[in-house]
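Heads up, the chain below is alone and in the form predicted alone; it's given as structure tokens.
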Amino acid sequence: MKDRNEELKSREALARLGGGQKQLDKQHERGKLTARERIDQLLDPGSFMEIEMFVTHQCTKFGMDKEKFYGDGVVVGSGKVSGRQVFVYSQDFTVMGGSLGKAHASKICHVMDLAIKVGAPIIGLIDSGGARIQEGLGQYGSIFFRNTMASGIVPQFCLILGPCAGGAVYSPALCDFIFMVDGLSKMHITGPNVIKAVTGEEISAEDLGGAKVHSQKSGVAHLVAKTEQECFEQVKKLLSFLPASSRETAPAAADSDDPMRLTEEIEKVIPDNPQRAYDMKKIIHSIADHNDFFEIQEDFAKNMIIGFIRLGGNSVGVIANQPLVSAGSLDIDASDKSARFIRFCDAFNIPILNLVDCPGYLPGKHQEFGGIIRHGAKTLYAYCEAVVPRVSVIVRKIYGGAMSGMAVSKLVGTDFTIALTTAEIAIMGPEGAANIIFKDEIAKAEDPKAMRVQMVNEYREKFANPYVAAEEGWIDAIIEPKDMRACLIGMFERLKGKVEVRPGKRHGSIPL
């Protein structure tokens, strides 16, 4: 018996060595943690239970029978993050560059299947050179299928902690959230060498698929960290806002922030001049429990803000216009950004709060040629499809079609619509409306410029104030900015237990 126990310990030690001590040292020289070190830092101490430790590939092509390692380049199992169960797989770059073969893919699929059955989040730690030439053909398809089956059932996180190229990029793309580490992560379909050979263009791997590219330009990455350790902390915090699965609601925080706390500072944030910009994030922080806001895709489509806060201890997804960027108008990227976030919140029973200050859709041929109609329809579809509790607050202006695009209108399924006393609500902005309605008066005036200013102010006072909209039934309440937090907590409390039955169907056809 003793010999058998010693054999087990010996084989476990060999498995933990991955590709060998020399390769582990090289991993550290690259500034990267090993697959097992990452798991240890991400999960609660002592909580990880590994499965399929001794799996090896069975390929004999091209001398592969001489290159076998326990685990086949990926560590899989389950553990806990802040006491809550998750399933995890961590690719091991020390074993054949973390390349994906049949056994490697099978291990990932197994742990994903378990996560779906149990109802727990899936976290993938990606560090791989791609598909294994000898046996990787088509193996990614099995993972893509699981990503799709898990979608809307359990949250899926992908942490890009090294290279992720070719077909490998589509598993992260099918997940809910992608995390990248600046200077460490690389994602691209075709690498710099292929691009140079095909197009003649020269570009570095960092400029092609680094963290800054995907967080600022492509919108592929949701969160970027400076180090792997910071990335793991981001994962932990984001998980704290989410339920384990669509069968649950997000856990309530033990909250000590006063639900009746006044938000008097909001009045100082919103300028008296309706043409002046301000930072909507200050308002989000003001109303949130302990002023804590966890923003998603901070550097992409900055005219739209998305992220999570708690109100009265409960998780809420926030979608807000940012007046500091393009006056908070809606465009192609902002539409894609909000639509995906709306659908995530709706899938996982997270109430939605809209903070609105939007002049409309961004004009211009580039937007029209780029398909703003098609992209804008995604947001409309997502709002109309959502059945979670939904509250909209008109902080300042909302004109025309943006009433639906920002879910101000109750006709698209919003439960409560609130207007601050600073709100302007109209079919058209005062400047444009005055030019049409008072065209003759302005033209005949001795001082057309002064007359135009007078007519704009008159329109704003008589027709764009929130009381006109309230009289027509568009607004449920008009409140002072200082009462905003307390009002929102009360409204979401009254929407708890909301059930909305929709017609049965296989699924809708979102205008992708």
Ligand code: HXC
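Given the structure is predicted, the values throughout are model-derived calculations rather than measurements. Start at 1 with the first residue shown and count on from there.
Below, we refer to the form predicted in complex with the named molecule, which is not included among the displayed structures.
Residue contact with the named molecule in the model of the complex: Ala131 places a heavy atom within 4.5 Å of it. Heavy atoms of Tyr361 never reach within 4.5 Å of the named molecule in the model of the complex, leaving it off the interface.
Proximity of Phe144 to the named molecule in the model of the complex: non-hydrogen atoms within 4.5 Å are present. When the named molecule is considered in the model of the complex, Phe157 lies well away from it, no heavy atom lying within 4.5 Å. For the candidate set Phe93, Tyr89, Phe348, Tyr383, a heavy atom within 4.5 Å of the named molecule in the model of the complex is found for exactly one residue, namely Phe93.
This chain is displayed alone, yet in the model of the complex one of Gly167, Gly400, Gly219, Pro259 has a heavy atom within 4.5 Å of the named molecule; that residue is Gly167. The stretch in contact with the named molecule in the model of the complex, judged by heavy atoms within 4.5 Å, is 157-165, chosen from 284-292, 157-165, 77-85, 367-375.
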